[in-house]
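Quick setup: the structure tokens below cover two forms of a single protein chain, split into structure 1 and structure 2.
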Structure 1
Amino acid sequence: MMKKCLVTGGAGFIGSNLVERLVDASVQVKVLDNLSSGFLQNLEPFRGYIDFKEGDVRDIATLQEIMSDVEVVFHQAALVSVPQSIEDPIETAMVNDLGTLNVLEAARHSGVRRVVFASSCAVYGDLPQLPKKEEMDTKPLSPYAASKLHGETYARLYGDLYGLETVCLRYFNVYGPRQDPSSPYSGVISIFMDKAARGAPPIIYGDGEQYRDFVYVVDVVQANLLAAQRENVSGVVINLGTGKSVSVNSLWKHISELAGVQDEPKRANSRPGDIRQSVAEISRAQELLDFEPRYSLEEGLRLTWEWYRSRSY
């Protein structure tokens, strides 16, 4: 295990779960977050064990300062919403493209050993081939997806040109505790859980037969730790999913049964940039990282529901 690391976006959903696991492993953890979508309360249970700095990945001076003695950087900070990126592509590029470039540049000059970059399955777009394999063509359908693909390109270049070790993890649909449901841009599971807890019907866009590969956040955290430590993975892009998919309609059925509610969902038109079908081929993760998702959808949803049910409404 590394001795000291930095998690950008560490007050967010995936970032805070990663920080908690690193603290449990006795790693010295620095966290950088501008709190635009992250929350200090996500870090509260272990705040005394981390070095937190409120700051932005668009500020390279801040990045260079906080990386001064860091071995590994987990770059989680990003604007993560497809609809938001379509509404504001410039801001998306400033945070995701320039921010990632700043992280890599600061890491290069600070002697960081490896950067683990949170990419996305959105880079595949709606190409018909299933499951999605890393060697497939890419076809981003949104500025968000394009920004993640640009980040992968910069990561590869920093390895080729400067010798900086990088690993790009293409997250599929991550869910679990601490995922913020308050924004219309949130992940579908967090929104469905919130609606179920409130006894309100959710909105399903399109016919609800969109298929997604939902992966529990604890499995994603474990993959990040493996990506930070494994040999012979530098410069590699790796899918992170379960290799299984479920429709949005079936997802609401699972959640409504967990919650004991019988509300029929409201229907709305499909949204621009939404992908019809997505499921990961995870053999590369299995081979290179020895990664196996441990949580079934049923178990992950149960644990997530327990967390949402414990919140005050």
Structure 2
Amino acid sequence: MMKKCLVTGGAGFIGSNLVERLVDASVQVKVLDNLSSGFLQNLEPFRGYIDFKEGDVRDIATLQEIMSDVEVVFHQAALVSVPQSIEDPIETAMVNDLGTLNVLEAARHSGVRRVVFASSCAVYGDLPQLPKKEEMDTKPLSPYAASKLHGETYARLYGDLYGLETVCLRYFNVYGPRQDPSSPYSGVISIFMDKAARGAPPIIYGDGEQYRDFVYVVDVVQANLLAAQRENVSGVVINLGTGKSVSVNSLWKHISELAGVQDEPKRANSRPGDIRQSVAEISRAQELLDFEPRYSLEEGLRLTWEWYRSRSY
């Protein structure tokens, strides 16, 4: 296990779950977050055990300073909203493209051993082949997706040109405690949980038979730890999902049963650009990282529901 690491975006949903696990494993953790979409409250239970700095990945001097004694960087900081990226492609490029380049450049000059980069299944776009395999073509459909693909390219280059170890994890639909439900484009599970907790009906867009590969955040954290430690994985991109899928309709069925609510969902037109089907092929993660998703959807939803139920509204 590494001794000291940095988590960018560590106050966010995935970042804070990762920080919690690293603290549990007695790793010294530094967190850099500009709190634009993360919350200090996410770090509250283990705030005393980490070194938190409010700062921005657009600022390379801050990155260089904070990385001076760090072995591994988990780069989770990003603008994560696809619609926001379409609204403001320049801002997206500044934070995601340039921010990732800054992280890699600071890592190169600071003697960091490895950078683990949070990429996204969005890079596949709407190409019809399923399940999604890493060697398939990519087709970003938004500045967000383009920024993740650019990040992957830079990560590989920094290995080839400068010998910096990098691993890119293409996250599929991640869910779990601390996912913020407040935007209409928040993850569907966070929105459905929030509705169920408030006793309000959710909206299902389209016929609800579109499906996704939902991966529980603790499995995502585990894959990050493996990606930080395994040998012979540098320069590769790896899908991070479960290899299984579920439709939006059956997702609401599961969640309404868990919550004991009877509400019929409201129906609305499909969202423009909504992808019909998405599921990961995960054999590369299994082979290279020894990764196996440990949480079934039922178990993950149960744990997630406990968290949303206990939130105060």
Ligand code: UD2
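Structure 1's sequence is the ruler for residue numbers, which start at 1. Bear in mind that the values here come from a model prediction, so they are computed numbers and not experimental data. Note that the rigid core is defined as the largest set of C-alphas that superpose within 1.5 Å between two forms.
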item	value
Pair member that is the form predicted alone	1
Displaced residue check between the two structures: residue 206, CA, 2 Å or over, core reference	yes
